[in-house]
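Form predicted on its own, single chain, as structure tokens, below.
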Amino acid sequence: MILHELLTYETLRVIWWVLLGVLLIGFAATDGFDLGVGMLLPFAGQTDMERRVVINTIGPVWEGNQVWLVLGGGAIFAAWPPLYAVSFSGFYIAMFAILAALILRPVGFKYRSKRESARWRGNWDWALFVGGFVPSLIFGVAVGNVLQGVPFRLGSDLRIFYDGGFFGLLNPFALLCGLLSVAMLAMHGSAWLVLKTSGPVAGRARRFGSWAAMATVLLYAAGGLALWLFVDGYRIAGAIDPNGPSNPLAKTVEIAPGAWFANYAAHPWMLAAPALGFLGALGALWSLNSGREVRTLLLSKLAIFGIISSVGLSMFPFILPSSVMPGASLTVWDASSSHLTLFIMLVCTGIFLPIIALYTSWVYKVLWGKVEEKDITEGGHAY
């Protein structure tokens, strides 16, 4: 027996679908609070020193946290090539906007304190706000468009044709999802600031975090209701071979109202995901007001896990439906790399992902504790 045949093609596809979710949730749970802190910077810090404290809560960790985004992009490229091709070409301008905003973060960190000018530093503070707000918004907008279906089609030779444009992505439901993403990550950033700061900064973070947590609950509920009432889902009509070759055109897909909720009726255990989304956000709201710092951050992460997981579970086995050619929709069963490729990548992931997780845990252990003003004035490496 060839070693990779120890796991069936179907099993490997499901494993890589789960791993993709793990990487995306890992990014949102780690770099998500970096984005949230960036959004809160002009508001949580009222003086120059307070803003330097805010920046230095994430200064030592943001680069490591961003590794999860790189891993997620790499996983899409290697495990789901058609998904990579459609999303990175169809969402090209959106991707460029995200990268441009993310570039502002390291530049802002490095250059903000190079001059004493209040105007100079204030401009960089707002640049860091943009670096947090724009990616948070566009990530959510992208998810909203995926749930509605993306306007791409496949030729008979599986060439990809994208029929949409950037401004078509900015539809009401997608913007609702974008606002949910902003609120969720602002809540997460607030939880981080409450953990890492003290005094007036922590007090403001607690106040803004409470508002963001309430907005997260309301927007998540509104998004679910809008998905039920106004957004048609997708379902596979007929049989599909989970162990078959990757050919998205070898199936029939139907668009039907409420189809995104069918998995919850068929598998009630999946209801745990949206429940955790609500409970995590409500728990973070309660914890912010009760002074439980570590618990607040953990509950915020739980909300992120539940909200993102609910999207994946609602869509399974779809990973990118097509609004103009439903039969070309990409699913777990027909848009993956080969059996051997998925197995080799799984072995590599099994080796390196635990190393990354252990190293990340060690970094947070070393950097544990609050950032105080004396750390800025006495330290030689503060931003």
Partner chain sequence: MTPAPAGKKQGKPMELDIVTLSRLQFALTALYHFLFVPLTLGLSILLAVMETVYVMTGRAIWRQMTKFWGTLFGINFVLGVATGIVMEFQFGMNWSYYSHYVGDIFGAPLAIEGLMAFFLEATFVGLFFFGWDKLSKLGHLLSTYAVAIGSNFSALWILIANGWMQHPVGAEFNPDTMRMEVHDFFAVLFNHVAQTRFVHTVSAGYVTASVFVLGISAWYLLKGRHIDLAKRSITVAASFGLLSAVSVVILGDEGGYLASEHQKMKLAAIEGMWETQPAPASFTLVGIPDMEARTNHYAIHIPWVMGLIGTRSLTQEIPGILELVDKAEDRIRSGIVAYDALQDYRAAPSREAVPPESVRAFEEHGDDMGYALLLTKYVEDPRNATEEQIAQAAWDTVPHVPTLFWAFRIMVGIGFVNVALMAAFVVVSARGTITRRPWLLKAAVAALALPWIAAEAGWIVAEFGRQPWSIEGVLPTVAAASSLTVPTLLFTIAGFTLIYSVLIVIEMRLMLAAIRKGPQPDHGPEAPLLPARFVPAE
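Positions refer to the first chain, counted from 1. Quick caveat, the model's predicted, so the values are computed rather than measured.
Heads up, the form predicted together with the partner chain isn't pictured, but that's what we're talking about next.
Name the residue from Ser89, Asn171, Ser198, Asn123 that puts a heavy atom within 4.5 Å of the partner chain in the model of the complex.
Looking at the other structure, the residue within range turns out to be Ser89.
Which pick from Thr331, Ser337, Ser322, Ser314 sits with a heavy atom within 4.5 Å of the partner chain in the model of the complex?
Answer to the contact question: Ser337.
Does Ser246 reach the partner chain in the model of the complex, with heavy atoms at most 4.5 Å apart?
Ser246 belongs to the contact set for the partner chain.
Using the partner position in the model of the complex, report whether Leu69 sits within 4.5 Å of the partner chain, counting heavy atoms only.
Answer yes; at least one heavy atom of Leu69 falls within 4.5 Å of the partner chain in the model of the complex.
At the 4.5 Å heavy atom threshold, is Phe230 in contact with the partner chain in the model of the complex?
Phe230: no contact with the partner chain in the model of the complex.
Taking heavy atoms and a 4.5 Å cut-off, does Val366 contact the partner chain in the model of the complex?
Val366: contacts the partner chain in the model of the complex.
Could you tell me which of 208-216, 269-277, 301-309, 97-105 sits within 4.5 Å of the partner chain in the model of the complex, going by non-hydrogen atoms?
Checking each option against the 4.5 Å cut-off leaves 97-105.
Relative to the partner chain in the model of the complex, which residues of 154-185 have a heavy atom no more than 4.5 Å away?
Heavy-atom contacts to the partner chain in the model of the complex: Ser156, Asp157, Leu158, Arg159, Ile160, Phe161.
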